[in-house]
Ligand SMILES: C[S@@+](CC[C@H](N)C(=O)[O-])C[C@H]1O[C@@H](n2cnc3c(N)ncnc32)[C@H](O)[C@@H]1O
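The form predicted on its own is given below as one chain in structure tokens.
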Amino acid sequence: MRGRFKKWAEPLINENPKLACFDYELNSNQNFLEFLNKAKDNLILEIGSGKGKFISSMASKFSSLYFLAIEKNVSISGICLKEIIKSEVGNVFLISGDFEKIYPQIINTKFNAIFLNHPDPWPKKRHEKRRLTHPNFLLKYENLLNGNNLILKTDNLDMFNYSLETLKENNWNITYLNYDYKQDDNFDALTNYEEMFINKNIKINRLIANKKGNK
């Protein structure tokens, strides 16, 4: 997700250390370590949290779970943090930064689910490695999930079909597949993008996959 530069975003993140930090701070961030300690085995990850509607809604709906949000764009991170603050939830922590830089710092953390909501499709072949369902990313998810679910939701049919084939080629089990998802899974929430797509009658594609044989 792209957005106009928000000069207030970085200061807002710095002013709310119990709710957010930057990727380069993780190793020394006591608030993040305390968040992980409280979460224990009840941790959910969203990569590419956008403006925060999804993660804030999920945190409100499932107060016994803990949600780690990752958003690469600093300005969008600021908008996401505003939504988290507005929602008054205490079970979300936002990291502003690149997942690939964050991964080595959370490699020993296990998640009950990873959500990829409307990721950038990177349609050009030369950008394939940037797609969040490229095999390089799937290896990382497999380690972080330890057999639990990867959940993908997108309006982009090409991205969806690419992801489906890539998952199958890398021996993931597809346990749910829907080319016209109607928001009927309780363990889900609308994203900002999804709300816009629904109003335009654009179909949403959704799948759930895991590698339970590789714990």
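Predicted, not measured: the structure shown is a model, and the values here were computed from it. Residue numbers here begin at 1 and follow the sequence given.
We do not show the form predicted in complex with the ligand, though everything after this point is about it.
*Asks:* Is there any non-hydrogen atom of Gly97 lying within 4.5 Å of the ligand in the predicted bound form?
*Replies:* Residue-level check for Gly97: yes, a contact with the ligand.
*Asks:* Applying a 4.5 Å heavy atom distance criterion, does Leu68 contact the ligand in the predicted bound form?
*Replies:* No, Leu68 stays farther than 4.5 Å from the ligand in the predicted bound form.
*Asks:* How about Thr133 - does it come within 4.5 Å of the ligand in the predicted bound form, if we only consider non-hydrogen atoms?
*Replies:* Residue-level check for Thr133: no, no contact with the ligand.
*Asks:* Look up in the predicted bound form whether Ile76 has a non-hydrogen atom within 4.5 angstroms of the ligand, and give yes or no.
*Replies:* Judged by the heavy-atom cut-off of 4.5 Å, Ile76 is in contact with the ligand in the predicted bound form.
*Asks:* For the interface check, one of 185 to 193, 34 to 42, 57 to 65, 172 to 180 should have non-hydrogen atoms within 4.5 Å of the ligand in the predicted bound form; which one?
*Replies:* Correct option: 185 to 193.
*Asks:* Pick from Leu167, Ile151, Ile47, Met159: which has a non-hydrogen atom within 4.5 Å of the ligand in the predicted bound form?
*Replies:* Selected option: Ile47.
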